[in-house]
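One chain comes next, on its own, written out as structure tokens in the form predicted alone.
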Amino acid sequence: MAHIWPIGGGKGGSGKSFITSSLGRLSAGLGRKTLVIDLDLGAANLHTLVGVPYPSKSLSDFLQKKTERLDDTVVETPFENLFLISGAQDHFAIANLPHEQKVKTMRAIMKLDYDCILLDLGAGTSFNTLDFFLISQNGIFITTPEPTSIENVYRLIRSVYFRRIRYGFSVSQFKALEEEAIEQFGEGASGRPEFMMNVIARDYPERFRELQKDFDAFRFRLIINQLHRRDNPALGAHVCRIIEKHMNLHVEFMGNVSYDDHVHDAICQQVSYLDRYPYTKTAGELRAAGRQIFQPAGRQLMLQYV
């Protein structure tokens, strides 16, 4: 089964697509059969970052039943072992993906035969984004150092956990749980996962154990992207501590990726940043992030200047 890594951010402009394409390039460079999927529905641009200016097929071909299998929408990229499912030809209406099509797509993704699958998700906290994030126990959150971006990624992380809690209850059950949390812990308690879990533990002990098992299995990571020299390099670790303190949820800080004007140049020239600028600080930080994701325990993988 493929290792699936959803990649999301609370705000547009955080660099999700750049990080996704870079990690895909690093995974493929290790000889792993790697697929990147553009699930930024209605605003797809991942194809440009992996060297495919005009994809011949897209996700819509599968959703509109022009092709029977999701695998038939895969296109090759200029990089060995790196493949793409694009959203470049998708109609703007795809941003409001119906539930049935979303479930169909999720099931199809889980059946794909790749070593690594990276999902470039849309910004924000739409149900589509949250549900695609929960397709895997792994996940990467991307934010920039700006306070608004930090606030939005915090909201996204909280929403992902709440969405998982919401799966197990009917509308009326969940509303009753929220009211009980407020009554027991005060105003605002329904927005705090730890308080909701406390109520669930008392009223639905079996579901509480199932949820806790899922939460313990989550391996969520945080990357601070576009870090400037004036920014605090310890910001990411601080954000993760706040999440743990206020939501009782563990998110691992994966590292910083420094701001570099060369990223803009590479995107405009439609070339791989890692290939064009392999010796920059930012490229080294991307390789370090790749080591954390793709290095099996007890084994050193050499992520060289691919």
Ligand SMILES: Nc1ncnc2c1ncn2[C@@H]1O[C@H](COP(=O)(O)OP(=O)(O)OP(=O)(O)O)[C@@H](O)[C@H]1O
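Worth saying up front: this structure is predicted, and the values here are computed from it rather than measured. In case it trips you up, residue 1 is the first one in the sequence shown, and so on.
Missing here is the form predicted in complex with the ligand; even so, the following discussion is about that form.
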| message | Can you confirm whether 11, 257 and 267, the three residues that make up this candidate site, all sit within 4.5 Å of the ligand in the predicted complex, judged by heavy atoms? | response | yes
| said: Only one of these stretches, 258 to 266, 233 to 241, 62 to 70, 26 to 34, has heavy atoms within 4.5 Å of the ligand in the predicted complex; which one is it? | reply: 258 to 266
| remark: With the partner omitted here, the residue among 123, 157, 118, 177 that in the predicted complex has a heavy atom within 4.5 Å of the ligand is 123
| Between the options 225, 149, 105, 129, which residue brings a heavy atom to within 4.5 Å of the ligand in the predicted complex? | 225
| Even though the ligand is not shown here, does residue 284 get within 4.5 Å of it in the predicted complex, heavy atoms only? | no
| query | Heavy atom within 4.5 Å of the ligand in the predicted complex: which residues of 7 to 45 qualify? | reply | 11, 12, 13, 14, 15, 16, 17, 18, 40
